[in-house]
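Before any questions on binding or motion, here is one chain by itself as structure tokens, the form predicted alone.
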Amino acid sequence: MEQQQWVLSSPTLGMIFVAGSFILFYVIGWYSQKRAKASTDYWTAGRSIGAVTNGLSMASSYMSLATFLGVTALILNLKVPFVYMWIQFTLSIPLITLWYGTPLRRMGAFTPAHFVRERYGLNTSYITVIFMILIMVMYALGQMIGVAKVFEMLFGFNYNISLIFGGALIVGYIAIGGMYGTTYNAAFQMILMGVAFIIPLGAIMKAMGGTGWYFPPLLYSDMVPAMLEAVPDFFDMKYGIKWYAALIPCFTIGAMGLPHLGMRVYTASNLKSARNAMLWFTFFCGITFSATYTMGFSGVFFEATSGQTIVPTDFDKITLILNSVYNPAWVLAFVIAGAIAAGLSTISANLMAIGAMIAQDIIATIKPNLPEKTMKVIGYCAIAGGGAASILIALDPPTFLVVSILWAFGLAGVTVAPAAILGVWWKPANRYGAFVSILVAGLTYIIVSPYVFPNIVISTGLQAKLGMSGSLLCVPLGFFLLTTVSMITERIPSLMARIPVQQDKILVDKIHGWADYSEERYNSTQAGLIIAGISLLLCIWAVLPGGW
């Protein structure tokens, strides 16, 4: 059968919608950045963002272009087990607030690396920043690939030209707007992408015969009998217990370690606003995530019943393909604008995180007295450099858009989450333990991935490519190393004399809001032993053969 070429039938409409949306993004960014009076305002939006705007911005940053493209490709591959993966993403943001977002906001941190610097010292923060920049570049890489694919379909350019053209437009509006512009743009982009995704999906469901088309996120159940007839294995639980267990360290704990999500907590005007923003975030994410699954469900149904072949390289485009088949050209053009908005919101958050880490966590630490103007120039250069790196790597992209994004989740979970969670809740966690944990667990995660040493892996297939098998080993390895090294070094007076132990412990009480210091709080040796024991057992289980 001849391969179907999926292109927009009326490119002019698409160009008008996309050009109009870019003009709006630049205008919002330009006017918003005028509120930044100091370089710190550039990175935190003056800590003045309200709950609804912040909730929209968080959801927008989290959605990413993968919501429109890569994730639906995963549904075509995984079918119903994808739902279990999707649930992990929704759990992570409330956990960020409960486990460490609020204490870090109380401390006044710019990024998780800023917290690591205050809690574990400069050397540990440098390692953290290097890993986090790698995470953000990999995450932005997936968005850049997606934007290039959309531009490729829209304008008919080849992939490389689409990538460079789209990437340059994106980096420009982010650098102009700073965190003020990024936040207000992200809030607007969330509304745009929600409308562009859900309403056309209702029309697709109606055309397919679904009676619940008026609320696509949840009312697709009447299509289930037809799906079972067309794809009998759609609801099969086809993976082993390790596959499902690995979802938690990779995607729940992994998402908790993503710096660009944590940074949204730090832009809140106060702690109450940050908590309320989480409620709005969960609502917006829940609606859109549910609709994403429905879109993938519809894509599988379309492939099975339409008689048209979708080649694997076009799986990423299933949202656009369904709209091109069932909706008018102007609707598809609107969906493309929404998809690009989704990509822009995440890339902007990624590049802002890279800029903040380079400018505030590295440069400002080494040269603390640089003029405001110089710090702003450094910020612009850091954002542009991060964008350029993502574009260059994206010139030779992986098969599926979502692979690089989800692999980055795992690395965040391995390097950032154990240090942040134990740093907030367990006083014995010290600088030696954090340094060893981040470095060894992070390098091990990279080594056992199939991209560096294909013969040194603990699993193969999709779970290895997505970082799931690496996370199942390395997240508990990070907790094990941090607790055991901290407890061992705590008993070596010559080592403890080199670090400010008491100062670090007082910081823990302070970020929880205690006015006085108590040695008893958050200081249980028994808790450390339990965490170390459970983590060791999980490490052993992860490397045992089978179970996937």
Partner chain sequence: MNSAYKKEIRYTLIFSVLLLICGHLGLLFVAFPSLQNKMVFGFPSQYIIPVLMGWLGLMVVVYFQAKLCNDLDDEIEALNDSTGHIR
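Small disclaimer: the values here were computed from a predicted structure and weren't measured. Numbering follows the first chain given and starts at 1.
What comes next is about the form predicted in complex with its partner chain, which does not appear here.
message = Is it true that Lys272, Gly286 and Trp514, all three, sit within 4.5 Å of its partner chain in the model of the complex, judged by heavy atoms?
response = Each of the three qualifies.
In the model of the complex, the residue from Val80, Ala388, Ala203, Ile191 that sits within 4.5 Å of its partner chain by heavy atoms = Contact residue from the list: Val80.
ask   = Here the chain is shown alone; which of Phe151, Phe302, Phe315, Tyr239 has a heavy atom within 4.5 Å of its partner chain in the model of the complex?
value = Filtering the options by heavy-atom distance leaves Tyr239.
query = When its partner chain is placed as it is in the model of the complex, which of 183 to 191, 289 to 297, 468 to 476, 324 to 332 ends up with heavy atoms within 4.5 Å of it?
reply = Flagged stretch: 289 to 297.
ask   = Could you tell me if Ser221 has a non-hydrogen atom within 4.5 Å of its partner chain in the model of the complex?
value = Because a heavy atom of Ser221 falls inside 4.5 Å of its partner chain in the model of the complex, the answer is yes.
query = Would Leu247 sit within 4.5 Å of its partner chain in the model of the complex, counting heavy atoms only?
reply = Output for Leu247 is yes: heavy atoms within 4.5 Å of its partner chain.
4.5 Å heavy atom contact, Tyr522 and its partner chain in the model of the complex = Contact check for Tyr522: yes, within 4.5 Å of its partner chain in the model of the complex.
ask   = Looking in the model of the complex, any heavy atom of Ser518 within 4.5 Å of its partner chain?
value = Flag for Ser518 set to yes.
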